[in-house]
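Just the one chain here, laid out as structure tokens, in the form predicted alone.
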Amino acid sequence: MEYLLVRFGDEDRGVVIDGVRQGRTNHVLEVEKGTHKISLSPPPADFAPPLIKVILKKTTPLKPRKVAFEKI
């Protein structure tokens, strides 16, 4: 397993990984190793970028891969 931390300021929002809702922002998520497409749950579509592509490997719960969305 690999680990991912998705930030969206202080806002709590659903995290969508490869088209499936799999957790919440600002919490470390367990994800399979490999390439993934990350987005946030709508509505509203008030964030940028609309999608982030990541490659997950060699992460730990204490050192997850971090990605961030900005409010627009």
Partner chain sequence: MKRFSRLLCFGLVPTLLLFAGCAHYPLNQPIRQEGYSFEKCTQPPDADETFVVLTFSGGGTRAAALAYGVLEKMRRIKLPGRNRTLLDEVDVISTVSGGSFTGAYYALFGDRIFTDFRKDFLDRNIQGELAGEVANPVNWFRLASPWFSRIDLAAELYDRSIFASATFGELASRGRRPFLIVNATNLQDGARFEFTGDQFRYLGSEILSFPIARAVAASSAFPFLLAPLSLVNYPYPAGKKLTEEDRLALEDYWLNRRRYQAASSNALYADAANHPYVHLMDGGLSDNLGLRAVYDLYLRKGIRARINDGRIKRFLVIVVNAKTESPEKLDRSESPPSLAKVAYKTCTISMDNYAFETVEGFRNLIEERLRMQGVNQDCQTLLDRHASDGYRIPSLAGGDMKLGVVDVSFDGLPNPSERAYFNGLPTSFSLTQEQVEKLIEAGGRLLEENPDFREFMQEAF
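Just so it is clear, the structure is predicted and the values come from calculations on it, not from any experiment. Numbering follows the first chain given and starts at 1.
Just so it is clear, the following notes concern the form predicted in complex with its partner chain, a form of the same protein that is not shown.
Indicate whether A48 is a 4.5 Å heavy atom neighbour of its partner chain in the predicted complex. Answer no; every heavy atom of A48 is more than 4.5 Å from its partner chain in the predicted complex.
Is there a non-hydrogen atom of K71 within 4.5 angstroms of a non-hydrogen atom of its partner chain in the predicted complex? Result no; K71 lies far from its partner chain in the predicted complex.
Does V67 make contact with its partner chain in the predicted complex, using a 4.5 Å heavy atom cut-off? No, V67 stays farther than 4.5 Å from its partner chain in the predicted complex.
inquiry  = Does any part of T35 reach within 4.5 Å of its partner chain in the predicted complex? Heavy atoms only, please.
reply    = So T35 counts as contacting its partner chain.
Which residues in 48-65 have a heavy atom within 4.5 Å of its partner chain in the predicted complex? Those in contact are K53, I55, K57, P61, L62.
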